[in-house]
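Single chain ahead, written as structure tokens, the form predicted alone.
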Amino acid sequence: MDIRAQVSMVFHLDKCVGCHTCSVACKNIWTDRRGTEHMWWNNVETKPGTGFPTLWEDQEKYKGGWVKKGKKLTLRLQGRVRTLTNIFHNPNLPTVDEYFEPWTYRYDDLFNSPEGHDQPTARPVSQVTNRPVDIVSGPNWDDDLGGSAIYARNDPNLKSLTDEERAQLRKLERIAFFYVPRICNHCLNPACVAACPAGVAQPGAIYKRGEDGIVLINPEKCRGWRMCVSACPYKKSYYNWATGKSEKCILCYPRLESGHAPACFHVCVGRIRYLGILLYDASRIKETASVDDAELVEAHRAIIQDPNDPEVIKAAKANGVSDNMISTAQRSPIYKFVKEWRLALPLTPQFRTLPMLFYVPPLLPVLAAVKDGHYDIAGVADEELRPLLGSLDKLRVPLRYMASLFAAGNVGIVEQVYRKLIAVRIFMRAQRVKDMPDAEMQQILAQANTTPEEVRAIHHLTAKPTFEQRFVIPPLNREMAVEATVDPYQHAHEAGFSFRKVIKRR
């Protein structure tokens, strides 16, 4: 075993209210400089929708992530030879229109206009060209499905639905949405790192920190070739047109090193965010990323190791993982959501980057309408809704859509998650209202493969966790670390790339 530590995150989508406080906090701290106007390291998208940048999930267009060709795992973008031939021309980049043309307003026209009979206005001007611009899109432009005929109906995940399911969504498109906050996933198998041309002959400009797995860009080495922008399937690497360097989310590592939660986590109004340490077996990265689509989620879970296992602890210590980091991993809320309770799922795992940001899917209400003056739940009788299985095929957003988004199309994985989420809600309600026989409740818990003790633990960490329970941050003491350069991902050399690994030693 090659046990390493990774800072990992869980976003509980059932609690996200779409307020964008996280996005604004990140913008104010990190990307308020010239050249970063189009950068939103944290953004909140409305789903169904095309996201930011537009259609970022369409890898036929952007060529991001990894692809399995037989038994070989290669970058979808290009190989080594094509990287060199295309080094000064990268055709797979998002355009300004696919982000948005950043704008400001001519406030002087508003403040200094002479007295008159009309209302003065501040005309929008481009922050790139400083010329007047007509605003046609922007960050989170499809919030709450505004302009849904353009955005919601073009969501790539809708391709997995039947005609009937798509028609149902079109009827409800103004209310059948949920929010998906996104930051860099700090993946175990990051395509952005492998695609960096600077890494062909030497460690590249992008690297994965050894002590905590955070993926960073070294601006001194970056030459602005922007292969990382194309290769990242989540489009969370950006190009700064003013400095000629690439930039990305750094997970607020200066805050983490001082024991504080990242800014977007700290300000979250809905308290949807959790942060902790996971221990994983790096020797299984290629094996995990190479399984079939239907097996990706289970393989992803399997690479995460039990932090209380003596063999795992021994291997972690042999690899330079500190006692503090191991102790933090043992108290991690991420391990509970991902491994123990099996509730949190990776976003679009079919890109095979093994993202370390996981999502608890939203518990969407069932379809509802008024029929003959009565509240009718999609024609389903009340007695059919009380059993757990009765409502799974009546969710506002079909399971097939959620499976495309969180399970590489494996509906069974998402169904298991929803069974447990519904069981938690039914159990906790029954504890208060006392309206369900014990025999029926036991049947529901059995169908969800859970217990009353587990349900209460899930409810506590979801509904009323303390700050310290949501954010279990290790004391990194990075000033004591010694950096070393190695190649931890041997399979990357088969594709013609190298990774840099920084190992923490004491």
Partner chain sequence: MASKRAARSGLVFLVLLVGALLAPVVVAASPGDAAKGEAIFKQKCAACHTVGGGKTVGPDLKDIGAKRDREWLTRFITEPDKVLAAKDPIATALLQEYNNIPMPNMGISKTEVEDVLAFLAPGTVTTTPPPPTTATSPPPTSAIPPPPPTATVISPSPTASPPLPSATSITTPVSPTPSPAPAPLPTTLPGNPQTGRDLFTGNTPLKNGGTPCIACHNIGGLEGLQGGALAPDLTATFSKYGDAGTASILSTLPFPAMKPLYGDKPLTPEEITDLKVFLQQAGTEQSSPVAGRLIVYILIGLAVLILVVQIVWRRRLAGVRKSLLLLR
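Quantities reported herein were computed from a predicted structural model and do not represent experimental measurements. Positions refer to the first chain, counted from 1.
Quick note: we don't show the form predicted in complex with its partner chain, though the next part is all about it.
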**Item:** its partner chain in the predicted complex: contacted by all of T50, L55 and D97, heavy atom 4.5 Å
**Value:** yes
**Prompt:** Here the chain is shown alone; which of S290, N319, N92, N218 has a heavy atom within 4.5 Å of its partner chain in the predicted complex?
**Reply:** N92
**Prompt:** With its partner chain left out of view, which of S160, T243, S327, N154 would have a heavy atom within 4.5 Å of it in the predicted complex?
**Reply:** N154
**Prompt:** Among 427-435, 263-271, 301-309, 129-137, which stretch has residues whose heavy atoms lie within 4.5 Å of its partner chain in the predicted complex?
**Reply:** 129-137
**Asked** With the partner left out of view, is N86 within 4.5 angstroms of its partner chain in the predicted complex by any non-hydrogen atom?
**Response** yes
**Message:** So, K61 and its partner chain: in the predicted complex, are they within 4.5 Å at any heavy atom pair?
**Reply:** yes
**Item:** in the predicted complex, I150 touching its partner chain (heavy atom, 4.5 Å)
**Value:** yes
